[in-house]
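Alright, two takes on the same chain below, each alone as structure tokens: structure 1 and structure 2.
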Structure 1
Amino acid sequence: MNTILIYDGSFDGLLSAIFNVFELRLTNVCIKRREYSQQNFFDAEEEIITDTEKAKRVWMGLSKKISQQERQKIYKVFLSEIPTIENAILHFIKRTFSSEVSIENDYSDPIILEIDKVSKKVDRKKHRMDAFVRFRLTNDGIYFATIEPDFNVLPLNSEHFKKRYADQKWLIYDLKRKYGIYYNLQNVAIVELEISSEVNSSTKALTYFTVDEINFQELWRIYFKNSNIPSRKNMRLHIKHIPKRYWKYLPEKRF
């Protein structure tokens, strides 16, 4: 019989589950987010209560075995939200603690190779968001942007935007995951709130954004359209640098 550990979807929750695996010396074990759990007659489910102290002990233990860069890789892989990724992370951590030598680059292990590939995918998505996020000034004086990335990269974006837009209040909101990061001129905080997707509707623009902002967006669209030279248009190259999935973030693409 397998033991399935159900956690709340947070990173501390995952580390708490991994702590339990080591503490109880569980072998046939699987870790799942609560949202992906489907109980059956052949497995024993156990609900894991997130414990920040247990999570910290696992994280600090890893710091003695692997580099900061490799720990960051584990976090990035977690943010991929791939349904089975928790068990790949568990495998990596088990091997790390049981090995006398570094296993960071042991790509003969297909799971460690997969972790490396997923981490790079998350990295690419993070850099895409850095490049393609576009802010609009709201009636409340906050620069606001929405995203809907394939991976949960928003926690990785905060430092970039804090440095780049240090002199203005801003909020980047993930429409898919219903939370955002807010900068108040001093600190970046995670905020959970409900924002309708109609915030991006042109017919509702005046409800949320200043008249000057709307006019500026329109001027930018006109400039972008008129500055293009049709005879030099290379759509294949254009899509290579700015894939279509990101066009919804760009005001110059909202014709």
Structure 2
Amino acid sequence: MNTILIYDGSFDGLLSAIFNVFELRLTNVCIKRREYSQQNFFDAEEEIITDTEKAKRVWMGLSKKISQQERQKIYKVFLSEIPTIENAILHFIKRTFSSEVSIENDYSDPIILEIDKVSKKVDRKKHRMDAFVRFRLTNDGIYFATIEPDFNVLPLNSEHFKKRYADQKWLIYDLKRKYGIYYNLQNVAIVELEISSEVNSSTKALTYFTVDEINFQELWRIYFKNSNIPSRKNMRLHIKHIPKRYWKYLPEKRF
């Protein structure tokens, strides 16, 4: 019989579940987020209550064993939201605690290789958002962008945008997960609010955005069109670099 630990989907929740695995010396255990859990008759299910103290102990414990960078990797992998990724993280943490030396480069362990690969994927998706966010200047002077990243990477992006746009107010909103990060010229905060996708409809553009905003988008489209060399056309490469699902957020690909 397997034990299934159900947690609330937060990172602290996951660490609390992992704390329980060690505390109760559980074997044959599997961790799932509540939204993915399905009851079955054969396995015992247990609901984990998120406990920041327990989470902190696991997190601090890790810092004694692995580098800051490696710890960040675990967090990144968590943000991928891949349904079974919790078990890979559990395996990674178990091996870390049971080994004298660092196991982070043991790539012949398929799960450690997997962790490495997923964290790189998350990095790439994060980098994509650094690239594909397109701010539009709203009537109330905020540079505003909507995104729908495949992974929940927004928390990773805030540092980059804070450093770069230190002198303008900005808000990046994740339409899929219904939250955003907002910079008020002092610091970045996570804001939960409901923004309808209506802000992206072109007929409503002038209710939300300035006239110059529309003009600059047009200039950008002109620039984009004229920097292409038609005799080198390579649509396969083009689409590989900007997959079609992102086009709706890029003014240069919307006509």
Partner chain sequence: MDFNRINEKLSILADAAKYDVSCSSSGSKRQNKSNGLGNSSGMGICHSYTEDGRCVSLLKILLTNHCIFDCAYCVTRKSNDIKRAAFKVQEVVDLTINFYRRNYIEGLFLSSGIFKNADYTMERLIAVAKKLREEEYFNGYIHLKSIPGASDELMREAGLYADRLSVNIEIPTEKGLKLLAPDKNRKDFIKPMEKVKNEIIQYKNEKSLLKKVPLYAPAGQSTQMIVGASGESDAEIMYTSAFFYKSFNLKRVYYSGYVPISHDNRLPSIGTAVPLLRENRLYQTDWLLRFYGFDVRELLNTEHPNLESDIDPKLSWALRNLDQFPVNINKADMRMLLRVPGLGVKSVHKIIAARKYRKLNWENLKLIGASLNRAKYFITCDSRTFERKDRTAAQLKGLIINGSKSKFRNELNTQLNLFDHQNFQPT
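Keep in mind it's a predicted model, so treat the numbers as computed, not measured. Residue numbering: sequential along structure 1, first residue numbered 1. Take the two forms, superpose them, and find the largest set of C-alpha atoms that agree within 1.5 Å; that set is the rigid core.
Peer 1: Between the two structures, is it 1 or 2 that corresponds to the form predicted in complex with the partner chain?
Peer 2: Answer is structure 2, the other one does not fit.
Peer 1: After superposition on the rigid core, does the Cα atom of Asn139 shift by at least 2 Å between the two structures?
Peer 2: It does shift by 2 Å or more.
Peer 1: With the core lined up, does the C-alpha of Lys65 move 2 Å or more between the two structures?
Peer 2: After core superposition, the C-alpha of Lys65 moves less than 2 Å between the two structures.
Peer 1: Honestly, after the rigid core fit, is Lys54 moving at least 2 Å at Cα between the two structures?
Peer 2: No, because once the rigid core is superposed, the C-alpha of Lys54 moves less than 2 Å between the two structures.
Peer 1: How much does the C-alpha of Ile214 move between the two structures, in Å, given a rigid core overlay?
Peer 2: Between its two positions, the C-alpha of Ile214 lies 2.9 Å apart after core fitting.
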